[in-house]
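First comes one chain, alone, set out as structure tokens in the form predicted alone.
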């Protein structure tokens, strides 16, 4: 894509709209019906953009003091939760940005926030502890200190919450916070993804490997050889394929049948710097990758995990996040300069 001009998409990506926020665009997400895109920035601002034309619907430039670290939209509701450096979680209405509640989680940065799939529970992590709140903003339970700062949260269905930290992944019951299962491994776990059926828990490690466990048997495996720590991980909607970063090549593992052990993964080679973000479309085997070289690529993944490039574009700066609209007909990309680009997605 070296001959491309910034902002000129190719292949399945078609011109859409461009907008911007005040600082590094940290995270974003589409509403359930795809009517709006909500974007958080590193200065603590939060904005919503009309999905049709990119016009700013509302902006809250000081939603958090110091900066926003995580964002998640509540499934089935027009609400968004943000977590920041000010020790708060703020829940706002997406339609107009009105603050519905602000939750004081702890004295320190709130690194992760995540709604349960049914929208009933809201989880947040502050340093070594996890807190879970009800939809009314009331704290339901708070965990004891974990072995180290929690690096990632993920829900396994509506009834269980997983938390990863140094040397451990723990699964807690959603309603009471009881410890249901744990997996230990001597290493720093920097990222986590759960398969849609809840069978696999996969973590990227500080030692440049991907480690995973089968929950039904407790069996663990390791996939090494990455040139950098795999901070980007994503299962496709079927749970058959896992895409991993950890270098300038995206590696796709097949988790169907007996799993990836002893098999050869697919290698997606296009970027020339570290991959920063991965996102699967809601249907079909279509994967979007973004990297530190400012490029976005769209891949059609074959049965064996290999991929064919079917679209791409160049942004103004490092790609920080990619978000597919729920209907799969649009893709948004955020960058380090605060750029927000949305493309229409068609057939090649």
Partner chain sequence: MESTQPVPVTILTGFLGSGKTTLLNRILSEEHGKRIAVIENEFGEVGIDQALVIDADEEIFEMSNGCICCTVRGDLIRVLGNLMKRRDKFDYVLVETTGLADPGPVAQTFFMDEEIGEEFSLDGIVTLVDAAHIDQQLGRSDESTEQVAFADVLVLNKTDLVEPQKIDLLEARLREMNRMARVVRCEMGDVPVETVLNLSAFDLDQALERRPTFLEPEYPFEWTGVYALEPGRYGLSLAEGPDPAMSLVVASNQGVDDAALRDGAEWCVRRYAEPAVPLAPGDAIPFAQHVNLELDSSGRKSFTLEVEAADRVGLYTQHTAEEFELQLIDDNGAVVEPEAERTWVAQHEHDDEVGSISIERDGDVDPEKLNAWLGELLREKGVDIFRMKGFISLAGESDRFVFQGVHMIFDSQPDRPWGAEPRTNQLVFIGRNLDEQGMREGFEACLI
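Positions refer to the first chain, counted from 1. In this text, all values refer to a predicted model and were calculated from it rather than measured experimentally.
Below, we refer to the form predicted in complex with its partner chain, which is not included among the displayed structures.
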Distance check, residue 249 to its partner chain in the predicted complex, heavy atom within 4.5 Å: no
Interface membership of residue 304, its partner chain in the predicted complex, 4.5 Å heavy atom rule: no
Partner contact for residue 141 in the predicted complex: its partner chain, 4.5 angstroms, heavy atom: no
Partner proximity in the predicted complex: residue 17 to its partner chain, non-hydrogen atom cutoff 4.5 Å: no
Non-hydrogen atom within 4.5 angstroms of its partner chain in the predicted complex for each of 92, 280 and 312: no
Of 256, 263, 78, 85, the one that lies within 4.5 Å of its partner chain in the predicted complex (heavy atoms): 85
Contact residue in the predicted complex, from 135, 184, 238, 273 (heavy atom within 4.5 Å of its partner chain): 273
Which of 204 to 212, 263 to 271, 155 to 163, 169 to 177 lines the interface with its partner chain in the predicted complex (heavy atom within 4.5 Å): 204 to 212
Stretch 289 to 306 - residues with a heavy atom within 4.5 Å of its partner chain in the predicted complex: 292, 293, 294
